[in-house]
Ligand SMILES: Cc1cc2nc3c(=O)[nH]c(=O)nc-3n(C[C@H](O)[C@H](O)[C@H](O)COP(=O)(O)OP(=O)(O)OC[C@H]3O[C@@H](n4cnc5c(N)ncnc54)[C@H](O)[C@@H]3O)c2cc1C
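Below, in structure tokens: the form predicted alone, a single chain.
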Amino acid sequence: MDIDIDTVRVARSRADCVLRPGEAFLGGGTFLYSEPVPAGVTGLVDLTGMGWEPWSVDGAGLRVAGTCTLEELLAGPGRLGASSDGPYRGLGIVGECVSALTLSGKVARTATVGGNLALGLPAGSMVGLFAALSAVAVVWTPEASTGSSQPAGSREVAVADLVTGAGRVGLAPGEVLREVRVPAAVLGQRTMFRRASLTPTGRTAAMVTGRAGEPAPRITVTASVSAPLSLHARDHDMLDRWIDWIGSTGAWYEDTHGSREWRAAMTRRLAHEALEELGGAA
């Protein structure tokens, strides 16, 4: 591993999050350390020094910091969702979504929720998790001193809309994914998880997460498409029409971990299983 950069700054305040020329944000760094440094990046700003509380639950719902590690997500929200009939049963898919990343314990102790979301990779299962839970990402916008005409602030974007394509995320230069918020009303709703890969320990090639609710169960597809897609499916016929529509748009993703045709077939099967499990109409 050879990281060719000039500087590393540890951010400890909002002011420290103003990027200087050539700088990029660093979360856990597990992906960065496995790939060449992006062209033009000469310095890193370490967000873990901000000291954000990894997660919290209150009357408004669940909050997960961008710097929350996957291990902390498992130990906190994952444990809350362990009961199939408890007030947080919607979090029952947390463990499965983390496991879908096929991480070692060492990586799970370092990799962050925000980093997984910000990468925008089709197999990034944090997208499927939080999209299924109708979560909103809170994004810090840059300080005015970076050239923005507006003062420092924040904006919100649905996690389902955050990823716009394979490796493409709706974050402007200098923006920070501060936290993810899951509404309280969602936490007690039943959820489900399905995934497929070419090998037992291979990268996820098709992933379906679902949640019971009104007006109909919400089915979310990731990994087999370049950006997450969701549908409130009233019945299996409606689900089939939606899967057909995905194919007509050319949205199926393809790489060495699965062809478009295979991913489409697996997604259809998993989506129908999800709807059946959530009590969808025949």
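Residue numbers here begin at 1 and follow the sequence given. It should be emphasised that the depicted structure is a prediction, and the values quoted were computed from it without experimental measurement.
Absent from the display: the form predicted together with the named molecule. The rest refers to it.
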Among 73, 205, 176, 159, which has at least one heavy atom within 4.5 Å of the named molecule in the predicted bound form? 176
By the heavy atom within 4.5 Å rule, which residue out of 242, 31, 252, 55 makes contact with the named molecule in the predicted bound form? 31
Specify the contacting stretch among 205 to 213, 159 to 167, 110 to 118, 181 to 189, defined as having any heavy atom within 4.5 Å of the named molecule in the predicted bound form. 110 to 118
Consider residue 102 of the chain shown here, and say whether it contacts the named molecule in the predicted bound form, taking contact as heavy atoms within 4.5 Å. yes
Quick one: is residue 77 in contact with the named molecule in the predicted bound form, heavy atoms, 4.5 Å cut-off? no
State yes or no: in the predicted bound form, is some non-hydrogen atom of residue 228 no more than 4.5 angstroms from a non-hydrogen atom of the named molecule? no
Can any non-hydrogen atom of residue 217 be found within 4.5 angstroms of the named molecule in the predicted bound form? no
Hey, which residues along 37 to 54 are within 4.5 angstroms of the named molecule in the predicted bound form, non-hydrogen atoms only? 47
